[in-house]
Ligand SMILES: C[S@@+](CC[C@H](N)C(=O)[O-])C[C@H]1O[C@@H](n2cnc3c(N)ncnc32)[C@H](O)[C@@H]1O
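First, one chain by itself: the form predicted alone, in structure tokens.
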Amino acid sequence: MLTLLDKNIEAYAYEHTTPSGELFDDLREVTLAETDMPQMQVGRIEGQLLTLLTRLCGATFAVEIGTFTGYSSLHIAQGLRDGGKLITCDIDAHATSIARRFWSRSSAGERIELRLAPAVDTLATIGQSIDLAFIDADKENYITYWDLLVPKMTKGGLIIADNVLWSGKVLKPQEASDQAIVDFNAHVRADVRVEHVMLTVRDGIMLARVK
């Protein structure tokens, strides 16, 4: 596996990023203790980036695909305008039960609505324009989610996709999930409806603004 960033530099960046707070620290500990794949949780740097991006685009309505234990959901919810709402999609009842426990400890949690169903089904029910979307689940369906989301976005809305460097495996894809990410990145690159930048934050983030 390719090391994307020197560990000392990563630690330096971590220490120079606003702390997320005790609630997020507790959530990280519970995720480590009670889930099989705690590495699926975003960290402080990516979490704070999600909050800042949500605030910078003035989002009122956001959608997240891939809730896991709710760390990223809370960060997005914190950045929403007053009266804002986040719909977050997942199919894992256990992981999202942890999320619910921690959302209840934050006023931002009141802005979150969990849809425990396939994301494709949930997206089909959304009629209002989306200001910000975060894609972070089911890598082989990234293109499907993208194509469903783009027409629903507000002009100037942001789509954020996680894991687009896929631990460096995009350079030499072997597994189906590797190729899915390579195909997704090419799909975004060819989409004239957006302007985009690939960021080397954590495992890679695709940030796209809908024209």
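Residue indices: 1-based, along the sequence shown. Because the structure is a prediction, the values reported are computed rather than measured.
What comes next is about the form predicted in complex with this ligand, which does not appear here.
Using a 4.5 angstroms threshold between heavy atoms, A117 counts as touching this ligand in the model of the complex. When contacts are judged by a 4.5 Å heavy atom cut-off, M40 counts as touching this ligand in the model of the complex. Contact check for D136: a non-hydrogen atom falls within 4.5 Å of this ligand in the model of the complex. Although the partner is absent here, Y145 lies within 4.5 Å of this ligand in the model of the complex, judged by heavy atoms. Between this ligand and the residues I98, C89, I130, A77, the one pair within 4.5 Å by heavy atoms in the model of the complex involves C89. Residue heavy atoms within 4.5 Å of this ligand in the model of the complex occur in exactly one stretch of 55-63, 146-154, 41-49, 180-188, and that stretch is 41-49. For the partner-free chain shown, nothing in 194-211 comes within 4.5 angstroms of this ligand in the model of the complex, judged by any non-hydrogen atom.
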